[in-house]
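Form predicted alone, single chain, as structure tokens, below.
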Amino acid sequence: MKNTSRHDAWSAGDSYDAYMGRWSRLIAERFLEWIDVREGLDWLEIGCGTGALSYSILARCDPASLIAVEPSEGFVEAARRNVPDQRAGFHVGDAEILPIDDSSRDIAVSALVLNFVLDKQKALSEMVRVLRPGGAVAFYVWDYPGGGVEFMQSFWDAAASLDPAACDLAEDKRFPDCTQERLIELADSVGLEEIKSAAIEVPTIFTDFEDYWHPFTLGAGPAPGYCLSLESDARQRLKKVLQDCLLQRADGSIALNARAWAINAEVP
């Protein structure tokens, strides 16, 4: 998994957790409800981030073991802190060349990271390789092309109103493959069978505007990376535009939604 934008800064686990981790934890629960697998399996997780899905797998699915592979050393360190479970092992590694034996896992999952992988087909082929016959591959990505992550889309809309070049940095332009149709095609291209797909949605409720704005100033992710790259005056103008356009409820909170597309399929 490799980043190609100068605005992508994913190494700081704590900053990412403030920006996306809290919503990742919510959607992880919904995803596991949807795939509904039996207990006692050997799991593989690709791109574990700070451990949101890892934690939910261990708490909800009672796995025999979990191996998580993540390219960022900072994220691996954060995941080890966040998920101190002896059944789990967190390793620095690449989704396209998994350091895992053939036919050694029962289920391979990936949460909100496949869009960052340069060769997605190769990564999925690697997941298939390490699974036992009849194993499952399940993954999900944010619906960027459909504007499914409303708090991000609001940020980029405001940024583009001040800097038209910001449009080219937004996730909907950079990750056009995050659609239901394309993900189904991708799963089919590596020989997966019984392919199921669903939209999974979660509310993203911010207590007030500062709760919304602060994570964008921490630099972890494309939008925060862009925000941090701005001069102070430009950043304040962006903040003002956002504050004026976001609808706040009577208690000051901001209620938005986030949607992901999920795939669940079987290895022959």
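Here the structure is a predicted model, which is why all the values come from computation and not from measurement. All residue numbers refer to positions in the sequence shown, first residue = 1.
Omitted here: the form predicted together with a small molecule. The next part is about that form.
**Q** Within 4.5 Å of the small molecule in the predicted complex, counting heavy atoms only, one of 210 to 218, 65 to 73, 35 to 43, 227 to 235 shows up; tell me which.
**A** So the stretch in question is 65 to 73.
**Q** With the small molecule left out of view, which of Ile100, Leu186, Val117, Ala170 would have a heavy atom within 4.5 Å of it in the predicted complex?
**A** Among Ile100, Leu186, Val117, Ala170, a heavy atom within 4.5 Å of the small molecule in the predicted complex occurs only for Val117.
**Q** Given that the small molecule is left out here, which of Cys178, Val113, Val83, Val137 has a heavy atom within 4.5 Å of it in the predicted complex?
**A** Checking each option against the small molecule in the predicted complex, the one that comes within 4.5 Å is Val113.
**Q** Since only the chain is shown here, I'm wondering whether Ala223 would be in contact with the small molecule in the predicted complex (any heavy atom pair within 4.5 Å).
**A** Ala223: no contact with the small molecule in the predicted complex.
**Q** Residue-level contact is defined here as any heavy atom of the residue lying within 4.5 Å of the small molecule in the predicted complex; does Ala95 satisfy this criterion?
**A** Output for Ala95 is yes: heavy atoms within 4.5 Å of the small molecule.
**Q** When the contact criterion is heavy atoms within 4.5 Å, does Ala52 count as touching the small molecule in the predicted complex?
**A** Judged by the heavy-atom cut-off of 4.5 Å, Ala52 is in contact with the small molecule in the predicted complex.
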